[in-house]
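For reference, the chain that follows is the form predicted alone, supplied as structure tokens.
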């Protein structure tokens, strides 16, 4: 996913339905995951009510928001580099600069000390308070990063009118994570799990459907552990039953929460798309144990088999970390074997990076099984794994040649006279058609004419 999400243009933006001329402009720089994308969209929607309009150009902005991610290494350096670029806009225009998200939650007041031209810092729990925080910034510099009581936490609700004209939307159903994997900083930056009430989720999805959204993706750090008045499978069924909602997706999941009810939902609910992101992280049991992933490779395989039996042809994607402390060449070869045997449609893979406050970072180098893997070794392993995945992904896409698939059109393509959309299996498709033939939100039967390394091309069938 791109590091920069500009909320002033394209499908990432909440399309404007102006309530009068906005007096001020906001530029949002989003780092990281889909949760951050959704949070940034909520920020812009909240600020519209305070007469801010989104802009794609920081030099035009009266407010510059940086919504940060701390999952990978050098997150702070990326933030500081971006802040350095925006400093001149503050000096020239007097723009307010605010930092939110996971780095803000981790650094707190230290960020104000390190970067004296940042006006305020706020954590993910305080997105809904952004307009009030902005008013406060006129009087003082501050860091608002305290955790909210789970009983009092309010999930920012999507402005359905802002989604008019879009085919797809993210809907947050929970936040936080209770798993405390040894490599992951998320419990320290997003807090404990809090589930959004099911009635509230369903109402938001219904409102989005009413303005033309046809696909919703339910998101959270660990959606499978959702407990908002029903289990996650029950929530998926309720959303899929809504008039106007043609497709339902979700992300992200932990293998230990893959319940029988969720597997059954894939078998019984046609509106639930045949795509599942199920992070494995490693193909080695000793490494998984040090990661605090409470399953073995064999248990992961069993869950994967149940999914594929319930929904034949389901596309499964995953995550891998290579170079985790103590990973041997044999451990890595096990990850490669799992990749080859499981035939994941795609995988997101990274070199291990120690994150503050995590168990692995504290134990790094403390014993032979926690020894640091040399960087050059880890990078070479990553390149081998990614090369294998590219081959497998390309072979899977090549198998689609000549087939007729349903594509939900999302909007214009990069080439004039083209459109883009996705298949039920989440494959990106470039469609040779115009807007009249394939408007956003339409489900079009497409014959696949070309398969690339990461996408398909086709024409209306």
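Keep in mind the model is a prediction, meaning the values are calculated, not measured. Positions refer to the first chain, counted from 1.
In what follows, reference is made to the form predicted in complex with a small molecule, a form of this protein that is not presented.
Colleague: Just give me the single entry in 71, 336, 263, 230 that has a non-hydrogen atom within 4.5 angstroms of the small molecule in the predicted bound form.
Modeller: That would be 71.
Colleague: By the heavy atom within 4.5 Å rule, which residue out of 247, 275, 293, 166 makes contact with the small molecule in the predicted bound form?
Modeller: The option sitting close enough to the partner is 293.
Colleague: Partner absent here, but in the predicted bound form, which of 127-135, 264-272, 278-286, 363-371 has residues with a heavy atom within 4.5 Å of the small molecule?
Modeller: Among the listed stretches, the partner-contacting one is 278-286.
Colleague: Mark residue 147 yes when one of its heavy atoms lies within 4.5 Å of a heavy atom of the small molecule in the predicted bound form, and no otherwise.
Modeller: Because no heavy atom of residue 147 falls inside 4.5 Å of the small molecule in the predicted bound form, the answer is no.
Colleague: Do residue 221 and the small molecule come within 4.5 Å of each other in the predicted bound form, heavy atoms counted?
Modeller: So residue 221 counts as contacting the small molecule.
Colleague: Residue-level contact is defined here as any heavy atom of the residue lying within 4.5 Å of the small molecule in the predicted bound form; does residue 153 satisfy this criterion?
Modeller: Residue-level check for residue 153: no, no contact with the small molecule.
Colleague: Although the partner isn't part of this model, could you tell me whether residue 353 comes within 4.5 Å of the small molecule in the predicted bound form, counting any heavy atom of the residue?
Modeller: Looking in the predicted bound form, residue contacts with the small molecule include residue 353, since a heavy atom lies within 4.5 Å.
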